[in-house]
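First structure 1, then structure 2: two forms of the same chain, each alone, as structure tokens.
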Structure 1
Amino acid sequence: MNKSRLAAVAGVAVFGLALAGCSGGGTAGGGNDATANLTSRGPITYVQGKDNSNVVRPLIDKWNAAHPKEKVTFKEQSDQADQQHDDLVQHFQAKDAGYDVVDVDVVWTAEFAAKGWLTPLTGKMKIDTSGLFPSAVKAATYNNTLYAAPQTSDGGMLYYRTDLVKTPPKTWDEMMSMCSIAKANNIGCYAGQFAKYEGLTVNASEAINGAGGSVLGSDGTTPTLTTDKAKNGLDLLAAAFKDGNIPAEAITYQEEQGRIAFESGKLMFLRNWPYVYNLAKTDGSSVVKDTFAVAPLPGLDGVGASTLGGHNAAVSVYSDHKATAKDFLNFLLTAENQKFFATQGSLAPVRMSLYDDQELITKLPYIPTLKESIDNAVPRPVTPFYPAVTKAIQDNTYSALKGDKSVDQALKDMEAAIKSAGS
């Protein structure tokens, strides 16, 4: 992921929750539209956020050269995730046939499927998902039905200073024990994304999951935040803020503030996304371009549990040419085009075989670490109630990190708010 995708990072990299009351799926808004035009072919429109990294246009040119009677037109949205979401909602509500294939954040997939706006990828619309990350496929599934094609994935990684730390920490406690090195060098030890926004949901969820806890129980509906393991996870973050292992200013950090601090030599460890790697290597202002590496996120007893990020491509139920739209989904999933997503846009492929591609590894040395991150990532369970759920996580985690609430009270309030979100 590069700078042009940053506006969507917060929406890409958050942890969704499945709640009781998530009933039905795919019938609320679409009705018979979902089964219409399944064999129809013709020109279509592909809708996605701003393409500053020039990933989409070359792919569409390639498709159009091979399909002169089924050309794809690119409808470019803004670079703001919330504006992209609202634009899609507006056109779905208007039953706009001009939005054939749409790029959706994995958090939005459940919402749009529940409202009946996405064509189920079953029967004539079925696509081959073998060879794709199972977690990415799960993130495109709602009520046991695939509603979108996983397009790109993402996972968090630990950036660390190789001139200060020879071997990266494998556990959270090991990382915290190294903070004396940072203090001796008058720099911050560790930071992630702790401002009150979607990134805080990501970091809080990773802390809880990495400590062996969970936000939801095995039934996929019941919040499990008032457990010893969940408490231990959030306690780790709160304690690190309290003792200064996470610098006080990190309470304001989103992705970019953390990246800039790390590139400026002000941090020893940073939790962030793959897009940071190329920037830290090439930015003229980066003082760590030759003195950093990446490792999996540390958990309580080993590799931690990253939150799964990514985007899906879905077919609108109102499309007039769904057969062409389905073929375009398959086109996006080819190994060649998935590799282009990585090399051109620093976007994580969903096709697992590419993570063993030596040419790709040479160009993007973080690929093996990213694969381990995605392999251990917690996929997003689906919920149409995500805005209320993530607000509950952000508000209460933020209060705990600032010391305005005890961790116990924050988790209790978080659980109560999540329960009420689906009622």
Structure 2
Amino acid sequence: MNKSRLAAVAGVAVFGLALAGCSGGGTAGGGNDATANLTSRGPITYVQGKDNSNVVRPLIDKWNAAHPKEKVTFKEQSDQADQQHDDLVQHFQAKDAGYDVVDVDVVWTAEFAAKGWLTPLTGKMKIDTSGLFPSAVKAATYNNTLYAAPQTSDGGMLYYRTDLVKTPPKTWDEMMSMCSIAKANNIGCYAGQFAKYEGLTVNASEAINGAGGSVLGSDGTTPTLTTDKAKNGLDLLAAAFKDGNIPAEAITYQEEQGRIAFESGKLMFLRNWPYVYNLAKTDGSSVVKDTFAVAPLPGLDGVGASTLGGHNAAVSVYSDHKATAKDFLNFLLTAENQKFFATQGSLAPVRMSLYDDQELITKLPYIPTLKESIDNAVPRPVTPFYPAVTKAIQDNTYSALKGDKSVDQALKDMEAAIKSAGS
């Protein structure tokens, strides 16, 4: 990021904080339930994690030019999923009317909806979801009610170095057998997101699902972690840490640290989301611009399964200007703006027709791989108690990867903690 953009980001962040400060602490605006202010219009604030791909500002500029009396201000959070979550929780708890439209990670929908913080998109707030990925609509729905507009989807992909690997590995074993090439080139072989945060839940679930196991059974609530398949999946990750095929520093990686390592040529394989594609192609500091491609994630016996990621835009029940907020949701969903998410940020549109758009396919070669990833992606548990469930997965996976707990014990403890989270 250049200096002027940094300054702009800092400015907006400070402004956003000041705004939040004014409206928090008991002076929340008129709306304190889901049915208030449904027809009222005016300026609103949109809250989202760090705009790594610079898609949000241009979209907001476009909206503001067309809606001078209903301007949107961008409050940019950090780039870390857990911090974004906690920031939203604090502002909802303070009934902050300064957070009108918020970006909701797919795994937070149930929790926020159950707590009564999201305006149901019914009646006057109804939006049209036809043509959107059913998985994305489902991830914005709780108890049969739509609580948010799907905004971008997300599927994990394998970034690999085309100068070092001619054909990408289809299985985990194949990938591990290629690590000698990385060693010979004095670089790390594979990394994903292994710091103790939401990304670790994503990666642990992929390891378990990729080995034919599952986190929950078909009822969607009973943990199924003490199985041979789940153990096999987590064993593979733990073993790769142990033998160095995953470099030791990857235990601190969130998405951005992995992206930076890959862009600076220090990694041969990287599991990450589609946003990395455009940045690795265009960042001034990327030394792999012309020497990487993407492939589906490898699994045990063939292509693996990504964890379903993605983000929804929801209207806070405390917003004073819900009619404007709803229009902004629809604006994010137009085919034109959905296409912009892909062209500008290499993000995954939620509008399915765009995956057959010839212009996009020609321009963005990762589009078919991304579609495959999303089509086969496995959702994380849907529960209002998600924070406790994800903590159980993260804490125990982390201990197993660090070698502080056996994989067996970690899975037993994970299962017990998930059971007690839901009871």
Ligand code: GLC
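Throughout, rigid core stands for the largest set of C-alpha atoms superposing within 1.5 Å between the two forms. Keep in mind that what you see is a predicted model, and the values were worked out from it rather than measured. By convention here, residues take numbers in order along the sequence of structure 1, the first being 1.
The second of the two structures is the form predicted together with the named molecule. Hinge motion between the two structures is captured by two rigid parts, the smaller swinging by 23° against the larger on C-alpha superposition. Aligning the rigid core leaves the CA of A140 displaced by 3.3 Å between the two structures.
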